[in-house]
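Just one chain is shown here, as structure tokens, and it is the form predicted alone.
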Amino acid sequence: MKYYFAPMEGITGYVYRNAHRMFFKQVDVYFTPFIVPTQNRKFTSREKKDFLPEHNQGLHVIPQILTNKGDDFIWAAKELKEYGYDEVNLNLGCPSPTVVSKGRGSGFLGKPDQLEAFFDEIFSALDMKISVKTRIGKDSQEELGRLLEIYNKYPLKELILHPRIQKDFYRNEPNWEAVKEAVSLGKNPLCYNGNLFSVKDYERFTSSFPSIDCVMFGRGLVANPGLVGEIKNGETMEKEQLKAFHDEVLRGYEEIISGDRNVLFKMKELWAYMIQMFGGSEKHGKKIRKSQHLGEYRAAVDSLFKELDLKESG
């Protein structure tokens, strides 16, 4: 089984990835948050810093590209190849209204003929591995059959399937009937992504789909950074380990971000997930959310780790 860490905008950048690899070594591949090629043919400073090889030493990283224009994808992929990357990932999953309104991400799924022309263009121009992260449709599961027809025409490195439609965002249960359809009709290697929050979730999935040998974790792995180690080796994350990981992420952000407010914004975003690892954490979580400077934040976090224990895993 291969274990992937999903790209999560604003969260899984290089500071987070390096800290995660330092303390939790079981993830096979990390994906960058999406890169958006622009008309001026330049990466933003933030995007470039995130994929620079010197910021990702010892990590297997795959850059993700978000676009619906073939020439933009080709340009970005070729540039990334110059930095040593031999594989790129196409984002056809993002459900954000601002992305979808521009026909990108899962918005592109509603235009299958244009999507097919896009694939013709990029596969004829690029000598690289190309994987795709997709939802099962924009408005309906009924769209999946046509999408699989398109994907089957091309030698995808992998099809990473998140079995929700765009309008679901991250609500409702993942549609496993759609996964069955993809297993039955798909010709490319398949990776599953969606609602893997615990060992039990993982075991339930693998018992239902024994032929799938790759899974991608997103929100569940941000909440419990040690989840993959728990699944692979029965390694239960220790509270001290989580605290050391947290401190390393914080240190990394303080190095590259100026001002308490901006660092706190990044850390509070993580706590929206990690707080779930602690029982009875409402009071401590509120103190973390309301902290206005780093001294206050550190005191709130220290108090949480001192007074509360991690929930028993399940």
Ligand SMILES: Cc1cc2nc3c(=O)[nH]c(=O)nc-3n(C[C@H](O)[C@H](O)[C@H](O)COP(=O)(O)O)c2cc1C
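Since this is a predicted model, take the numbers as computed values, not measurements. Numbers follow the displayed sequence, beginning with 1.
We do not show the form predicted together with the named molecule, though everything after this point is about it.
> Though the named molecule is not shown, can you say which of 252, 285, 33, 37 has a heavy atom within 4.5 Å of it in the predicted complex?
Contact residue from the list: 33.
> Does the named molecule get within 4.5 angstroms of any non-hydrogen atom of residue 9 in the predicted complex?
Heavy-atom contact with the named molecule at 4.5 Å: present for residue 9.
> Should residue 217 be classed as touching the named molecule in the predicted complex when contacts are defined as heavy atoms within 4.5 Å?
Yes, contact at 4.5 Å.
> I'd like to know if residue 273 sits close to the named molecule in the predicted complex, meaning any non-hydrogen atom pair within 4.5 angstroms.
Result yes; residue 273 sits at the interface with the named molecule in the predicted complex.
> Would you please decide whether residue 64 lies within 4.5 angstroms of the named molecule in the predicted complex, comparing each non-hydrogen atom pair?
It does: once the named molecule is placed as it appears in the predicted complex, residue 64 has a heavy atom within 4.5 Å of it.
> If contact means a heavy atom within 4.5 Å, which one of 229 to 237, 106 to 114, 203 to 211, 190 to 198 is the stretch that engages the named molecule in the predicted complex?
It is 190 to 198 that comes within 4.5 Å of the partner.
> Using a 4.5 Å heavy atom cutoff, which residues in 66 to 99 contact the named molecule in the predicted complex? It's fine if the answer is none.
Residue within 4.5 Å: 91, and no other.
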